[in-house]
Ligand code: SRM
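Before any questions on how it binds or moves, here is one chain, the form predicted alone, in structure tokens.
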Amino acid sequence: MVKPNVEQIKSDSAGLRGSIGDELANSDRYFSDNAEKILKFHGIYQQEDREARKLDRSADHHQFMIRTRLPGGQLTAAQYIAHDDLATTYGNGTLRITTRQDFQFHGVLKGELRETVRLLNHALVSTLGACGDIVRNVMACAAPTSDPQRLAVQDFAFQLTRALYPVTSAYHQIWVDGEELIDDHVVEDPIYGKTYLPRKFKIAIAYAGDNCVDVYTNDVGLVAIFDEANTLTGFNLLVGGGMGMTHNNDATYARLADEVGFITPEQVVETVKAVVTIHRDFGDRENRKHARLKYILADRGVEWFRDELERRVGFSLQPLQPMPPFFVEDHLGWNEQGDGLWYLGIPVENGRVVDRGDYRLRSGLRAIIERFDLGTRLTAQQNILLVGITDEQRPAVEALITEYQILTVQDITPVRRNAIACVALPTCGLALTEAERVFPAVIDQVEDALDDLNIADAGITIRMTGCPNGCARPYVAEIAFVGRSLEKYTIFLGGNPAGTRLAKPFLDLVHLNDLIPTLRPVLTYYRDERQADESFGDFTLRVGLDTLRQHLAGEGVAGD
């Protein structure tokens, strides 16, 4: 079967309408291939329960994932409760925090899509642009603050969302109003055009020194710079990052963004819009594996890109401003907001908000948020911040944390605190193997090994994905397990805790059960040979991966 041409499908979609409206009305449990491509722009992925399909191929196992769009990961109490209600009514009883600071529902059936999206919109939450060849959810440091300068930085997530929101009436016609999809006046989007972007586009905003959003892994990164008086002077502009790659295809690769120049706050929206149009005009529309903005930077160079950007905006970029070394602040635990209020960062393993036995995270979060009407923030590490807590409320919040047996940062090891995994099987159609469901057990093994080696305090950054597309940003981790085939992974080593260096392939086709036994000699070598305060990633870089492979061979351990 010939695959539909995505560019033609987008061009013929009449402003992201396609045949979605008509197909919602039929009795099929799934959408056609063409409609499925446009459905992604509306924040919806068509999936199957792949395990159920294996057991019974005669039945239809289609279901849908809905992703919401939450700039900077910010929600009101009412918006959080709306998500939680829908997870029960139409989802699989869980919420999932993504690595881009938004929520996903899994297990929604086709006949329930319209009502789910409609109710989200009633809560002033949109799904449009959460997926598809378009600017995705704009990320920003989630930590609440009363500092007006830092509030201004976070506000750019909303400004850019508004400026880059697709111009179409199709979304409300299909999902909210339920109108007949007859429109003879389809307006071509002034930024995206008829065919939108060649591929997805990601933006993140960080504070200088704090890389809690993995800013270098985005198509556009903005790093806020303050002067000695703590006044926001502007942003260092980073362009051309991206995590996705394909195994055995050297033309695809993970890449960190280039530092391009400095822009003032007044220039941010215009500059980012211009970067988006460069991707639109020069991105590869023939080969989707080569269509991200990072390949334009890699192929044409930073100087070409800067010249083209300056030509489009009509002003010169200023030289980069000095930045302190980056670290990652995950904002967990109790923290002051600066206005007499507190926020509490709660770890959420792999982002899955769920009740399991006595650990009733989902029920407990809802109880706390409802009782105290607390706003929430989702973080790039898949955790949740409860914000606006008064001194008087703290004891009651802590009592509810205890009652629902919710784990806090004091209850987990440094390595589990830093761990991130993607969804993978059984629902993700791209997954080659497991990630989220097996990663807790893998971290158990890591914890046991580190404890045996008396280095339990080593906060090694470890991430796992079920395929090489990099949704959990594995390629900046100190250790990454990237799905290669069923129950087998490529091990990457050498990223750093700050998220500013790429890991490199170390061993290939390592079975799930062998991941930690294989790495144990390396961890032992790290314990014995590390320098003072040397991170695991820095150690692997200093020693060299070839030396580590030779060490494994000497220990009788070898990868394929």
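Throughout, we count residues from 1 along the sequence that is shown. This structure is a prediction, so every number in the text was calculated from the model and none was measured.
Omitted from view is the form predicted in complex with the ligand, to which the following refers.
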query	finding
Segment that reaches the ligand in the predicted complex - one of 168-176, 339-347, 197-205, 406-414, heavy atoms within 4.5 Å	197-205
4.5 Å heavy atom contact with the ligand in the predicted complex for all of Ile97, Gln104 and Leu430	yes
Of Cys422, Cys141, Val220, Ala157, the one that lies within 4.5 Å of the ligand in the predicted complex (heavy atoms)	Cys422
Option touching the ligand, based on a heavy atom within 4.5 Å in the predicted complex, out of Cys471, Leu113, Leu164, Ile225	Cys471
is_contact(Gly91, the ligand) in the predicted complex, heavy atom dist at most 4.5 Å	no
Touches the ligand in the predicted complex: Thr461 (any heavy atom, 4.5 Å)	no
Interface membership of Pro71, the ligand in the predicted complex, 4.5 Å heavy atom rule	no
4.5 angstroms heavy atom contact with the ligand in the predicted complex for Gly240	no
Residues in 59-74 close to the ligand in the predicted complex, defined by a heavy atom within 4.5 Å, in order	Met65, Arg67
